[in-house]
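Before any questions on how it binds or moves, here is one chain, the form predicted alone, in structure tokens.
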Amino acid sequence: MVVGRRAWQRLGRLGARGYSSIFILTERPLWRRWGTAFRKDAGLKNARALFVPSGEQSKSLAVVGRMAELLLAAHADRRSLLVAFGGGVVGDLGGFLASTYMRGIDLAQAPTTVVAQVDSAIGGKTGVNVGAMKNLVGTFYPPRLVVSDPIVLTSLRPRAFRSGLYEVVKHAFLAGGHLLQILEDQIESLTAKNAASLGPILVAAARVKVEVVKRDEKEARLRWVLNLGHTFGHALEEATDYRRFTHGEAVGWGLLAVLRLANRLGVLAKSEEARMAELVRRVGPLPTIADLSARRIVALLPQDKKSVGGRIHWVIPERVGKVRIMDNVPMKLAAEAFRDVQTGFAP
């Protein structure tokens, strides 16, 4: 993995491996803004761009089929390279496409959002949505290379940029130390306008996931810790048909809810909950959850992919830098924790 200015240039080394053809999976608005610079830095002048519609609706088996047909029509073979140039949707979709086209072609990830650069492009998880279930069908397919240039983040809208910061905060809760201190000192000053200077923060946040994935490549158990805040978060996304929240915003609410749950369980001290919750809220405003049914949210929780036999494997924070996996959390407490957060409970 390469992070920093001009990171895209490392793709040139990969492209020199003698691929029969190279394809770039991306979205048209992103390509119009950054395509010329990306081609120049990456040295992929002869690569062909394939476009998918923007948005979560592109993560479907139907779109995978259409992209596979385009690859076939362009004579892509097993010696072709697919570069996923985009955010989490393009990265997940492109990874799944590469892992299944002709039973697998080489893949490179060039993430263009904060979420993708610190989380979703790292670790080789791919997936598409089926019905209301996010990433129901997917594979583990490590890319040959991940290149993250923070310059591309400067064109993100403020909401999209903030969305990614919730994942950075999650990583800081898992790791503690220097990354958490930087965020507590600077969180309000982190904006898309100065994104090009965020290299050290992105590196520190990405390293958290890299270290976990190295020890648990296929999510046997340790890797579950990366889902801190995601059990509630995924339920919020599904309850609102993936239309109200960005993924990061859902994780933000999920972090607040699981912090409250940890306190109710007697696992997390009130002072630690207050410190961590304050940082989440300092990232910025979150779409309302006041109108959502706690009963509906709790009913969706067991559909989390980390559930086994209907038992949810919760990632429960004990303190900054330490979490535990629990599968015996009473659903009544989960509902109460969610209602606390809905009503603006302040630890």
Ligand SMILES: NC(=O)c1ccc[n+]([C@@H]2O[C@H](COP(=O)([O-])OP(=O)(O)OC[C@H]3O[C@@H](n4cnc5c(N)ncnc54)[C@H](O)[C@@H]3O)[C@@H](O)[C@H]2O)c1
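The first residue of the shown sequence is 1; numbering continues from there. Every value quoted in this text rests on a predicted model; they were computed, and no experiment measured them.
Although not depicted, the form predicted together with the named molecule is the subject of the following passage.
The single contact residue among Ala262, Ala235, Leu256, Val152, judged by any heavy atom lying within 4.5 Å of the named molecule in the model of the complex, is Val152. Residue contact with the named molecule in the model of the complex: Ala195 places no heavy atom within 4.5 Å of it. Remark: Asp41 does not count among the residues lining the named molecule in the model of the complex, judged by a heavy atom distance of 4.5 Å or less. Although the partner is absent from this view, Gly88 contacts the named molecule in the model of the complex, with a non-hydrogen atom inside 4.5 angstroms. Interface membership of Ile201, defined by any non-hydrogen atom within 4.5 Å of the named molecule in the model of the complex, is ruled out.
Shown here without its partner, the chain carries Trp224, Glu273 and Ala337, none of which come within 4.5 Å of the named molecule in the model of the complex through any heavy atom. Residue heavy atoms within 4.5 Å of the named molecule in the model of the complex occur in exactly one stretch of 289-297, 55-63, 274-282, 311-319, and that stretch is 55-63. Contact residues in stretch 18-44 (any heavy atom within 4.5 Å of the named molecule, taken in the model of the complex) are Glu27, Leu30, Trp34.
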